[in-house]
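Listed next as structure tokens: two forms of one protein chain, kept apart as structure 1 and structure 2.
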Structure 1
């Protein structure tokens, strides 16, 4: 049925960046550069003085490049190479977004990692009896790291927290299994 293929396509596209921003920026810069060269050509054809550089001078300076000041040419070349490498990486890297897919019946569902983290933080802070502000959770593709700063004098049972977090994670039905890691700080905080 086509619903399954629509669902697959939509999920795959939601998990990866479309690279639209980078592509639009590059396209706009190219348009500006081309428009400038085009304007210079028109001006040269009309026999008027150039805006910045006449086309003939552009060609001449490219041909006579080795005579140009070495420092400027090398610096400009290095900048171009670095920019080029950044664009190549943007073009080839998968560009995964920080999201997870939920196993659901009706709709394809993607959830931001920060939503999973904030839900886990609530349960971890309840299980550990730690102030929510002293609970930090970060969720990545395969692990959820729970960081707890205990209240001074109140011990935190790490096994309890791990169990609560694992139970929660199992209940979310994430397609990519996420394992938990609970860290309890040595030094507590007074009050709270």
Structure 2
């Protein structure tokens, strides 16, 4: 196996979250439901009173479902549809962790979005001459949003900040291109 393919596998594993938690929750719920039904059947065979519902009553309720009030049937159907859709989305949607891959020749380097955001906040605050506490950056899969609150009376050149942030992003060599969006608040804070 080549190092490039190993690197691709490792980075994919680090970027995408596993479905094991959802699968375990569904499996545990199914096991509990089946254990309850099995317990009810054993209790009914022993002639003891049911814990919640006797198996004969469960079967009769299922058979008489068309005669039940429409509101209850619709509500139960809606709950079943929502649960089914949630499970389908969990099964098919890509679970992406908030991380990016840095292109390097020597190793697979994966970095959290928070680390990229922190570095961009430092550079944006220096370029804008704004207190670092007044700079907020959020990084998603494709966009880094820089939010600056300028010091009162001191103008901020948005183009300079955008250029500094873009230069910094280009220097990281991120595999997935991240564009920047700089927002400068109209109302400033009293400087420190």
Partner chain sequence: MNSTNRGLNRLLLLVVGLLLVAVGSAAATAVLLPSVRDGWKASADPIRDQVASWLQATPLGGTGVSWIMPAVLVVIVLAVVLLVAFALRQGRGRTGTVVDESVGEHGQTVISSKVAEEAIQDALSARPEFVASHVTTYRVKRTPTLKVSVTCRRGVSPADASAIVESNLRALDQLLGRELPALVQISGGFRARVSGSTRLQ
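Numbering follows the first chain given and starts at 1. Each form is matched to the other, and the largest set of C-alpha atoms that superpose within 1.5 Å is called the rigid core. Since the structure is predicted, the reported quantities are computational estimates derived from the model, not experimental observations.
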| query | finding |
| --- | --- |
| Structure identified as the form predicted in complex with its partner chain | 1 |
| Residue 70 C-alpha moves between structure 1 and structure 2 by 2 Å or more, core aligned | yes |
| Per-residue C-alpha change between structure 1 and structure 2, residue 45, threshold 2 Å, rigid core fit | yes |
| Threshold 2 Å Cα movement between structure 1 and structure 2 for residue 54, core superposed | yes |
